[in-house]
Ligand code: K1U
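Just one chain follows, in the form predicted on its own, and it is written as structure tokens.
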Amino acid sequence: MALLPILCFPDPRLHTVAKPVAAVDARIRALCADMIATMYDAKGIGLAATQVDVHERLIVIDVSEERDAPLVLINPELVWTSPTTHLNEEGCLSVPGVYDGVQRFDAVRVRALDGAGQSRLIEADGLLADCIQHEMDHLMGRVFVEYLSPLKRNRIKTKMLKAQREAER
């Protein structure tokens, strides 16, 4: 397993809409393993392939306390969302150090393939539902800061660009 570099906002590649995974083959299984290792190394609870500059519909998630229950969702599609929503404080591995409120559905139902290529229907609420929605946004080329006001978004963009310049020195 290899650790993959994570793209940081405002990298334009984060706005790429992911294409469906054509087949769950050895390449996809290796990508899943690398993404899980990368997510754990970065202390995250979710990672979309878009964030590691692979523009295919694949996300990995682990919201377990023990950090030992990774969930792989290939070609995920929302098939149901609850009629109720809540404001959730979110962060993102592609926007390190930034947290803000985003409106999310309370519960979701998602159809996806797992890491073995088997179709699964997942019902989620709480943190798992929030994480699924957040990661699926990445597959659509959307970063959570785009839900924020233009003023907040521009401040975050300025902060991230400054941090990138300082890191390059």
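Computed from a prediction, not measured in an experiment: that's the story for all the values here. Counting begins at 1, following the sequence as shown.
Below, we refer to the form predicted in complex with this ligand, which is not included among the displayed structures.
A.B. asks: Please pick, from Cys32, Ile122, Val52, Cys131, the one residue with any non-hydrogen atom lying within 4.5 angstroms of this ligand in the predicted bound form.
C.D. replies: Comparing distances to this ligand in the predicted bound form, the residue within 4.5 Å is Cys131.
A.B. asks: With the cut-off set at 4.5 Å between non-hydrogen atoms, does Arg27 touch this ligand in the predicted bound form?
C.D. replies: Although this ligand is absent here, Arg27 would stay clear of it in the predicted bound form, with no heavy atoms inside 4.5 Å.
A.B. asks: Would Gly44 show up as a contact with this ligand in the predicted bound form if we use heavy atoms at 4.5 Å?
C.D. replies: Result yes; Gly44 sits at the interface with this ligand in the predicted bound form.
A.B. asks: Even though the partner isn't displayed, in the predicted bound form is Leu93 close enough to this ligand, meaning a heavy atom within 4.5 Å?
C.D. replies: Residue-level check for Leu93: yes, a contact with this ligand.
A.B. asks: When the contact criterion is heavy atoms within 4.5 Å, does Asn88 count as touching this ligand in the predicted bound form?
C.D. replies: Yes, Asn88 lies within 4.5 Å of this ligand in the predicted bound form.
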